[in-house]
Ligand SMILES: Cc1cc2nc3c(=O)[nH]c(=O)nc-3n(C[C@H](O)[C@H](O)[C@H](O)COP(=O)(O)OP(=O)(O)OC[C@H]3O[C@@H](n4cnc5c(N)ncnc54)[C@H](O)[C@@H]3O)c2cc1C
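What follows is one chain in structure tokens, specifically the form predicted alone.
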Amino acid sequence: MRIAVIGAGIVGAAAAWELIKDGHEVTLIEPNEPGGRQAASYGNGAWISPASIIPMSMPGLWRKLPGYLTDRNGPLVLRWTALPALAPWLLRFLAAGWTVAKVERTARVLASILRDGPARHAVLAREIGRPEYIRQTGLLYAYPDRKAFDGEALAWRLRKDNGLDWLELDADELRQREPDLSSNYQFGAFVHEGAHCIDPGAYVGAIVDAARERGARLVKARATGFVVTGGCLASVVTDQGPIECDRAVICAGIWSKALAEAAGDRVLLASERGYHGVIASAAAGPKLPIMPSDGRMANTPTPAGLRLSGQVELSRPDAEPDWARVEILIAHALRTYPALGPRAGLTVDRWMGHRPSTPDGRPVIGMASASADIVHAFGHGHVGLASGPITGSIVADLIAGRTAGVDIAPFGASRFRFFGS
């Protein structure tokens, strides 16, 4: 069939690759460079973690909401001017984590698309001839002490319930693995199943290049809607003219909301604006990807330098970046790895992008209401990189009429039906 894949981030790239393998004629519709700086896939934390099944909304979070409106230095910031537009999303966000039972269900659902993420990426990277992009070195969570780790008992219990194993490290073991880590950290949890990507943007570009070498077509255009007649898709409408196709896949990141509505589904999707700073030629820092518990940020060694990723800012997609968020990341890194040196001597590349996030932390995957010829595959929030390959596989299964290896009912767009947009 003729398949139009809208969006060339990690999900779109992986979907295009799987569809090409199935023998379809694939057209990727993307207005920018695949894997370019504009893409969430470019700037993520580079982690491929089976442990990322814990949703942002947890029991008791509502008590912290006023602080998020006033504390400009916290890990999550809400801009006052965006509150009216975000209100439906925020209400559903708080409801999603209201009880332990709800969080347990979300963790089970996310585990179904994350548990084999590292293995799937290793396979995909080999298939495109670029295995060096994926490193299965494990991931380390660092804590000031055992008490701090025990303070996250619910999160680690959910991980254990969903089959995750980890190795607990005391202060000496932590220092042996990470000599540059501040002595303020005395306890660690090492997730040996974890992996990371050394250059997410280049990796996405390489997947698209490999798909094009096998016949995929890349059209530089912005999709704006669909022509559907009698429930059957005729074409994707773009700013460069219509693209005729038999099926279409929506994986356009934050811009998927309008396309989903054009396909008959009103979804709750917000921009979780994420930031990163890459310290070029870092003379010190971690050997492994580390997440310090007091910073809630991914510290990942890459060929370009030490990537510091984190911060959640809920605001309008078109709002100006708040580069103070990057300075918070850098200041924390200087405390975490004292040997990095003074801030004045560091060269830092700053980035801001849009995580397409649903309030319940689950992506939107499944058939659109207007036509079964249109497939949703967007809204992956913090787990887009890790779940990209399996989402691409699910998309290919849906289009081929095969039973997906994952229950996709919890990812359906219909769950937003009674909550507006």
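So that there is no doubt, residue numbering starts at 1 and follows the sequence shown. Everything numeric in this text was worked out from a predicted model, so none of it was measured.
Although it is not shown, the form predicted in complex with the named molecule is what the next lines describe.
Contact with the named molecule in the model of the complex, defined as a heavy atom within 4.5 Å, holds for exactly one of Thr106, Ser315, Thr336, Ser309, namely Ser309. This chain lacks the partner; the member of Arg222, Arg214, Arg79, Lys287 within 4.5 angstroms of the named molecule in the model of the complex by a non-hydrogen atom is Arg222. Residues placing heavy atoms within 4.5 Å of the named molecule in the model of the complex fall in a single listed stretch, namely 348-356, out of 362-370, 392-400, 348-356, 59-67. Although the partner is absent here, Gly45 sits close enough that one of its heavy atoms falls within 4.5 Å of the named molecule in the model of the complex. Contact between Ala263 and the named molecule in the model of the complex is not found at the 4.5 Å heavy atom cutoff. When the named molecule is considered in the model of the complex, Pro292 lies well away from it, no heavy atom lying within 4.5 Å. Under a 4.5 angstroms non-hydrogen atom cutoff, the named molecule in the model of the complex lacks His376 among its neighbouring residues.
Shown without its partner, the chain has Cys251, Ala252, Gly253, Trp255, Leu259 in segment 248-271 as residues with a non-hydrogen atom within 4.5 angstroms of the named molecule in the model of the complex.
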